Structures are given as C-alpha cells and as structure tokens.
Ligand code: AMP
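Let's start with one chain on its own, the form predicted alone, as structure tokens.
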Amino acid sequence: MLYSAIAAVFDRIEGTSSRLEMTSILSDLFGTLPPAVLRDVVYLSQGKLHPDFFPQKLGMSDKLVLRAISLTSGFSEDRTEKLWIKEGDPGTVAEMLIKEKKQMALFSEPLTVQRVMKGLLLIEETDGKDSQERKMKLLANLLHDSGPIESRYLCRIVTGRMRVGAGSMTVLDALASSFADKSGRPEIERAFNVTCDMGLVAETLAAGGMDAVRGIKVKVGNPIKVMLAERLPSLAEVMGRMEGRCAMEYKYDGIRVQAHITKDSVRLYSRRLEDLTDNFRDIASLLKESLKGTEAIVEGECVSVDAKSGKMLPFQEVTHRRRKHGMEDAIKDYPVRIFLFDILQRDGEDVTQMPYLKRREMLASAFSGTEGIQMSNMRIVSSVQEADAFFTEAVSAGCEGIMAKSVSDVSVYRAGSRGFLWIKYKKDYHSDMIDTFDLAVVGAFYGMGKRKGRYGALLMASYDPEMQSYVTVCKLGTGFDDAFLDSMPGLLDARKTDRRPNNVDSKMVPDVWFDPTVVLEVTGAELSLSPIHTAAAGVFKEDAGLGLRFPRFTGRVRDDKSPEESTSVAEIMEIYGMQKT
C-alpha cells in the first residue's frame, strides 16, 4: 500500500478536533488494510515503529533532519535552517520545501508503507562510526520519493513530533468499529491492557477476529497496564466501602516497577513502560536468582534504604537511580530494596483473575528469602481503630500512607483500570488540601524580572480519558529553584509546537505550547470554581471549570508516569468534593 494514502489520512485526522470524526476516518482506513500492514499503520499513527516498551527509539535530531531535507529538496542548509527557526517544525519545513521544488525526480520508486517501515527501522538500528551521516542519507532516500504531505509525517515521526491527535482510546474505538461492534470494545481494550501493544492487538483482530483477541493472555515480556486505586477522605469511609474488612498494605514512597522474570533474563518496567532494568540491575539479579519456578510477572515498589539501619528513605533518594550514566556508583551509593505487593503470572499461568489473597499467597511462595526482596507489609483489618493504628504505623515507618485492598471473591487484578477494589489513603489527607496532583505541562509563559529570558511559569493540565483531551487546572510559577528553571528548556523544548495541540482544551494562551509529555507533581491550597480553567467545565457551574489555587511545584518530576496517567478530571472532581468545608 502506498504511504501517500496513509499520510493523507493522517492529514485529515490532524485537521479535526472531533474524536468521533477521527474514529470514523481511522475505521474506514483500518478495514481496507491487510493484518500485517494494519499493525505497521497503527504504530505509525502514533509516531512509533514498535509498542511503547520497545527499548530502541528513532531519535534523530532536528539539525540532522534539516540536512536530509536540504539534500532532498536542493535548497541550501542555510535557507532550510532559517525556515525551521521560523516554523519550529522540521515536518512543516520538509512539506514547504518539497512542495516548492519545481522538478520531480527523474528516478524514483513507489514509497509504500512497507518501504517506509524498512527505512525507518534501518535508521533506528544504525549506530557506530558515521552513524549520523548514514541516518541522514537513509531519511533523504525516503524523502526523495515523498510528496509534501508524506515528507511532513516522515520528518515528524523521526523527530518524535507525530501529533495527529488520535490517542490510544480512539484507535481502539476505530478497531472495534472496523472488525467488531460496541459489545466487543471492552475485550479489545482488555487485550491492549494486558499486552501494551496496540499493533499486536490490531493484527490479531484483523486476522482472527474476536475469538483470537480473547485468546490474548498475559505474557512475560509484554508489560501489563497497572491497576490503580481510588481515594477516599477518611479511614471510616474506606472501611465502609470495604464492608468492614480489608487488607491494608504500606504505601511505599518509591518507584513502582513491574518485573518480568525468567531463569535467563529479567526486565523491569515503570508504569510508563520505560525499561528500568539497568537502573535497578541489583534488584533484577536478586529477582532472577531468588525465583522459584520458571517465570513470573510481579509488581513491587523500589525504595531507597539507609545502608546501615535499613530505614526507608524519601522518594528523592531513589530518584538518583534514574540517571543514565554512572549507575555503578549510584547502586553503591543509594541502596534499594524492592517490596513486592502483587503477582500477575506464574509459570505461564495468568493469575490476574484470582482473588487478591490467593495472589498474595502465591507471591509469598514465589521467591526464596533475601534481604533485598521483601513482601509489602500487610495486615487484615476489621475496624476503623485497627485501620488507624496500621496507618499510623505506616507513616511512622516513612511511608506515604496505606493501600486498602478488597479481600472479596471478586478482588481480581484489573489491568489499566481504577476502582474501589484498591483505595489509597495518604497522610496528605489530614490537611485542607487533599492529595497532590500529577499534571501535564501543556504550555509556558516567559518570565519577568529575575526570570527574564527563561520560562517563568507553566500551564498545567489534567487528563480527561472520556474526551481524550488535556484540560487546564492551573498556571504554575511557584516552587521552582534556579536549577529547575535552568533545566526547563532541556526538559520541554523537544515537545514545543507552533500551535495549540488538538488534544489540549484551554482558554489561556501561553507564550509557548507543548505536546503533553512531561508530568510534574503539584500541590496547592484548594480547588475552586474558575472561569479561566477547563477541567470539569460546566459540571458544577455554567461557564466555569475547576482550578487549583496557589499551586506549587513539589520538586518531583513524574517521569515514571505518562501524560495519560496524569490526574484525571474524574479524580479532580472527587477531590473537589472531598475538600473540608
């Protein structure tokens, strides 16, 4: 299939903000594609060649892409760079210059989807001596046979700027529309949640229908979307929701990881599907050596501990393990222990549908004893008094609070879902402001005074899963130290865009827009009705949303969370209702 037909669809999707229209456009396309091509197109529609957890990335710099555009179009590198400075997007530059190029290439070959994937994979795999030059020429070879629209998306894919606006839920809707119906939509989403591989789900559905999708199981090597907890404002309400009896676990202040273990290998994934194996290679080795049986998928919290006393240390200590270089020193200087709290697969058996206590029993028997691997501290409680005593104990031990977990027969592991089978209760809930917020950066305002010449404030947004859009909650300008202010361009500028992203709903207009990528932890005084913010717009009052008053950055960059995992609008509405009056 010609890549031009796919690029034309991307162009149509980019031109609309209607999720229904995006779904319809994709559905019409998906139904025409062979299964293997469909898999590639699903990846490309999200600017990828593989599922998110795949370790290799394209990662071409803007300057290298500009050289390829110059070589292909025949225009000077100086003119290409000036146009890039003006437009801010190599894809737009490629489109404009290739459109302006008068003469078509005398010798060209059809640019098919298969050829695009092969070329992009070669770019991704190229390394070693002169690799940058070879990457540039490989891209130029694809651009040579591209029209303006195709070149726009090729350049956006290789620079990580693909932003047509079709999120995961829209793609799932389109797949259901093409190959099933509404009744099959939950099962298709379940298959995605237990594999985190949209391309695999799409190809399986197109080739084998719903029966094949139902056959997709939890598998070592494919991360599973994590189960999430609801929140309640008091332990009395927690116990009431749990019908008077539940399991309570320490809520550790560390980094949540999902470990995929065999006797030959271990991979540790963050909830954002980053491979953290190298960052916690000591933990990975312990898990492999201690596993009883052939394989397992388990979840736990990596927590920094004092080398002498074994006492748990704050989250900031374990973040030293997130560095890219000097890991040998980090492992020695910042000891870590993993506290296991769930098991999802053991020896090839998917155990996510087992009740919590059965999974807990299986987890406890899965590893031989070692100091570096421990079970999370858990106790069955049957009264508010017992719950309060356990909560006090958890906070005294250095934890954030507790996780209350259902012990009913239906206490299954719901991959990718949030619900009242798990309820979190944190020490923050004793204050007027209930909990912190994980918010996505969608814009920046230039600073004044001491912050002149730098970003001085950020526009922060919550995620609305139903609309697949980011809605604003606050303008954040407090809590930044000089080091963070200096780091902002490096953290954010790769996602800079020349216009408001299609998936951002904002009344405020910042000086710079960003595609939602970076998530920051924010606290504040309270949530209040706001005429300028769009979170929960019109829900509590016409022409008003919810805004966070006196927001402050806590200093915690949530690089373990994807923007889609930022605090949802539904959670913000819950917190608004939980505030003390």
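These numbers were taken from a predicted model, which means no experiment stands behind them. Note that residue numbering begins at 1 and tracks the sequence as displayed.
The protein also exists as the form predicted together with adenosine monophosphate; that form is not presented, and the subsequent description refers to it.
This chain is displayed without adenosine monophosphate, yet in the predicted bound form the stretch 249-257 from 277-285, 249-257, 132-140, 462-470 comes within 4.5 Å of it by heavy atoms. Note on the partner interface in the predicted bound form: the residue among Tyr269, Trp422, Phe192, Phe367 having a heavy atom within 4.5 angstroms of adenosine monophosphate is Trp422. The partner is absent here; in the predicted bound form, the one residue of Ser376, Ser411, Thr352, Ser178 having a heavy atom within 4.5 Å of adenosine monophosphate is Ser376.
In the predicted bound form, none of the heavy atoms of Asp197 sits within 4.5 Å of a heavy atom of adenosine monophosphate.
The closest non-hydrogen atom of Phe341 lies within 4.5 Å of adenosine monophosphate in the predicted bound form. In the predicted bound form, adenosine monophosphate sits within 4.5 Å of a heavy atom of Lys405. In the predicted bound form, at least one heavy atom of Arg418 sits within 4.5 Å of a heavy atom of adenosine monophosphate. In the predicted bound form, the residues of 537-561 lying within 4.5 Å of adenosine monophosphate by at least one heavy atom are, in order, Arg558, Lys561.
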